[in-house]
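One chain comes next, on its own, written as structure tokens: the form predicted alone.
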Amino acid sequence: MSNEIFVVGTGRCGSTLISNILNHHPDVLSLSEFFTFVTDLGTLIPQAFPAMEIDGAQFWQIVSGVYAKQNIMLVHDIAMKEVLYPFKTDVRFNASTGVPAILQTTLPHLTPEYDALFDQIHAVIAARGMATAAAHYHALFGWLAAHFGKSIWVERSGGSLRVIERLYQQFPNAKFLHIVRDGRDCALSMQRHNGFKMVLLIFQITEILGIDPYESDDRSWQDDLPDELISFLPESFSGNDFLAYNVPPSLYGHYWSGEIMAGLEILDKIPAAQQLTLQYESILTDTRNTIKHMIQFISPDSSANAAWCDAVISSVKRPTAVWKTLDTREQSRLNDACAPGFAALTKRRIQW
């Protein structure tokens, strides 16, 4: 039985709810948004999984890195609501210093003593010698599980289907819990989420410039940037322009379809016994049975006892983002954008 679990999805699919539910289970260490932040919102995936062996100090730079995109969001007060570190208060790290990746959400999700835990982890990692990134990640997650007296760890990052190929390469024996939600509701929720807006803007700018402007000073093709994108370069970033910028739901629908199709290609390579797909909607309509099914997959030896189920069921709330509230024309565009993703899911007998 694997005690290594990844919750994967497109983002805005209900996976945060899964993290919060599992955080109350006595056997489970819930690692929330770890890979979201060590990959700088999923834009630096190769850097988080270097091919060569690295030592503890180099691995610590990945885990504790202060990354450009997530931190410019802190500076301009447009941070994602998932950020739990109280950077606006009189604390050790703030928007000016930058908040280390593992401190943005992962450690505050586990304990109110997140700064002290940060230092303990640093000492443990710094003492490690040369090893693969996979070995370092295994050691870190295993140490955290032991530290909190847990037998299983579950990592869950929003939009992690983008990382699933790397995760399966690094953790070939892990289990993968795939959370899916109606793509139209995902798209509408993405539209209202600052993290997804930031990622799509960076994708657009990078495609035009040929480089990631947050990782390179090369501006050779800046004249090709539309005027409305200039204020999202790091040197001219405007939080007000960011909040005012409107990305249509259909563009997020195309993004959702692309993530679903690419993610399912990797899931097809993973043994059936190592994966489970759950629909977010079933968590809303058949909460108790769905949660029991989930915990049975995660840990057959752990019980979904009635008291635990009762406690977590109360945290399940219906979302406010519903695609049918859009006007008819926008609904049609969104349906077309999501159609390829739905077709890919239908092949796996997942339908709405």
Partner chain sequence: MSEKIVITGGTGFVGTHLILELLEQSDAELFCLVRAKNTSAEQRLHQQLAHVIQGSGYALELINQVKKRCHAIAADLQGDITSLATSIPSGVSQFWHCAASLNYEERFAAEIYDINVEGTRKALALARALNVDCLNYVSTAYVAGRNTGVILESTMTEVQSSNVYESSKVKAEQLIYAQQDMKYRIFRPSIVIGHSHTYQAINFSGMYGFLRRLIQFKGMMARVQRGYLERESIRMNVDPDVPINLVPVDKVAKQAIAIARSDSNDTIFHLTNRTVPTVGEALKVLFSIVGLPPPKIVQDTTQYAWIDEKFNEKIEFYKSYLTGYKQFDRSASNAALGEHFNTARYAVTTNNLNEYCGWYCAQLTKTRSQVPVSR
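Positions refer to the first chain, counted from 1. Worth saying up front: this structure is predicted, and the values here are computed from it rather than measured.
The next section is about a form of this same protein that is not shown, the form predicted in complex with the partner chain.
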For the partner chain in the predicted complex, the stretch among 270-278, 103-111, 246-254, 81-89 with residues bearing a heavy atom within 4.5 Å is 246-254
Partner proximity in the predicted complex: Arg329 to the partner chain, non-hydrogen atom cutoff 4.5 Å: yes
For Glu207, is any heavy atom within 4.5 Å of the partner chain in the predicted complex, or not? yes
Would you please decide whether Asp212 lies within 4.5 angstroms of the partner chain in the predicted complex, comparing each non-hydrogen atom pair?
yes
(request) Please run the contact check for Glu228 against the partner chain in the predicted complex: heavy atoms, 4.5 angstroms, yes or no? (result) yes
Checking Arg162, Arg181, His136, Lys175 against the partner chain in the predicted complex, the residue with a non-hydrogen atom inside 4.5 angstroms turns out to be Arg162
The one residue among Gln70, Ser299, Thr43, Ser30 placing a heavy atom within 4.5 Å of the partner chain in the predicted complex is Thr43
